[in-house]
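One chain comes next, on its own, written out as structure tokens in the form predicted alone.
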């Protein structure tokens, strides 16, 4: 049985000047199985969200375009679909929770009407049935008094409640895949935990596959079975979460893990940060993109891009210094 979603050699390019092009997603490839939760991790600018937007067919053109690759959903290449057929997949078979609900929800419509609209777009039901389903979805995401809440506007709800509404809209047509793009970024820690548990439980109940995008490896441990680490548009490490935490192979992954705040950190000791910043994609260093920030770099690291190799334990890593390559 094949993967539910298979991304092959995806390259998404943006024009940033008259003659300057950057690869925001550079030869990205991965699979997502039915019912699986796969995390994509990396700093801002690493290519996580561009990869998700490419899957959804939402890359703005211009200035962006998918240069080459395949995005297979149940064996069908989404990149070859007509715009009309892609609209039938987007929001119906593949749903997405966006990062900032206030910029995704329309401030002049009630949340009930917006959820109902998402239902009506992909289902042959009456407005009364759509409203009833909207109330039921609000119950499922644990919003109190849903019969009253369907009449409220986005600005009348807290950040956590607005994010729950976004989850309702993404799940309105019972999609096979849910893409969650940094769904907890703007929320406080307590609400973050509630939203993560909600996504986890709904995915389990519906057997929905989840592509979870985050910059926080600490979040990944509690929600995903496998993880992809991206840097400067490329995958640098991929494998099971338990093994990735126990023995990270790429220096960038090790840096992300060291940067997770720990309760045992002595008072007054500054938190660890990876030196430097993500490079400008239009001016990448020669060789490995991480070479200018890497504490383990050697001469070979500046001479060419390291390929994503499969190692002896089955994990994949794009580092010349990773041991056990095959």
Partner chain sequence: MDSRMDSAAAASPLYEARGLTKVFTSKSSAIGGKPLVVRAVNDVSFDINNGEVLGLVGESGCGKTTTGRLLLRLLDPTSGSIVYAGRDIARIPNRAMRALRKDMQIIFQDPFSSLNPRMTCLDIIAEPLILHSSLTRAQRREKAYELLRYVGLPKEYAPRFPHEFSGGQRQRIGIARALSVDPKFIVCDEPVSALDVSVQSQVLNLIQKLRHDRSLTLLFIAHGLNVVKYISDRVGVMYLGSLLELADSEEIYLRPLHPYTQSLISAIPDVDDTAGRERQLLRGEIPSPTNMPSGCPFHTRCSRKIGRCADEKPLTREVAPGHSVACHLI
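The model shown is predicted, which means the values in this text are computed figures rather than measured ones. Numbering follows the first chain given and starts at 1.
This protein has a second form, the form predicted together with its partner chain, left out of what is shown; the following refers to that one.
Student: Using a 4.5 Å heavy atom cut-off, which residue among 218, 88, 107, 75 comes into contact with its partner chain in the predicted bound form?
Tutor: That would be 218.
Student: Would you mind picking the one in 173, 194, 99, 113 that has a heavy atom within 4.5 Å of its partner chain in the predicted bound form?
Tutor: In short, 194.
Student: Can you pick the stretch from 66-74, 37-45, 297-305, 23-31 whose heavy atoms fall within 4.5 Å of its partner chain in the predicted bound form?
Tutor: This holds for exactly one stretch, 37-45.
Student: I'd like to know if residue 145 sits close to its partner chain in the predicted bound form, meaning any non-hydrogen atom pair within 4.5 angstroms.
Tutor: Residue-level check for residue 145: no, no contact with its partner chain.
Student: State yes or no: in the predicted bound form, is some non-hydrogen atom of residue 271 no more than 4.5 angstroms from a non-hydrogen atom of its partner chain?
Tutor: Output for residue 271 is yes: heavy atoms within 4.5 Å of its partner chain.
Student: Within a 4.5 Å heavy atom cut-off, is residue 188 in contact with its partner chain in the predicted bound form?
Tutor: Within the cut-off, so yes.
Student: Quick check on residue 154: any heavy atom within 4.5 Å of its partner chain in the predicted bound form?
Tutor: So residue 154 does not count as contacting its partner chain.
Student: Even though the chain is shown alone, can you say which residues of 159-176 have a heavy atom within 4.5 Å of its partner chain in the predicted bound form?
Tutor: Those in contact are 160, 161.
Student: With a C-alpha distance change of 3 Å or more, do residue 196 and residue 273 lie closer or farther in the predicted bound form?
Tutor: Compared with the shown chain, residue 196-residue 273 is farther in the predicted bound form.
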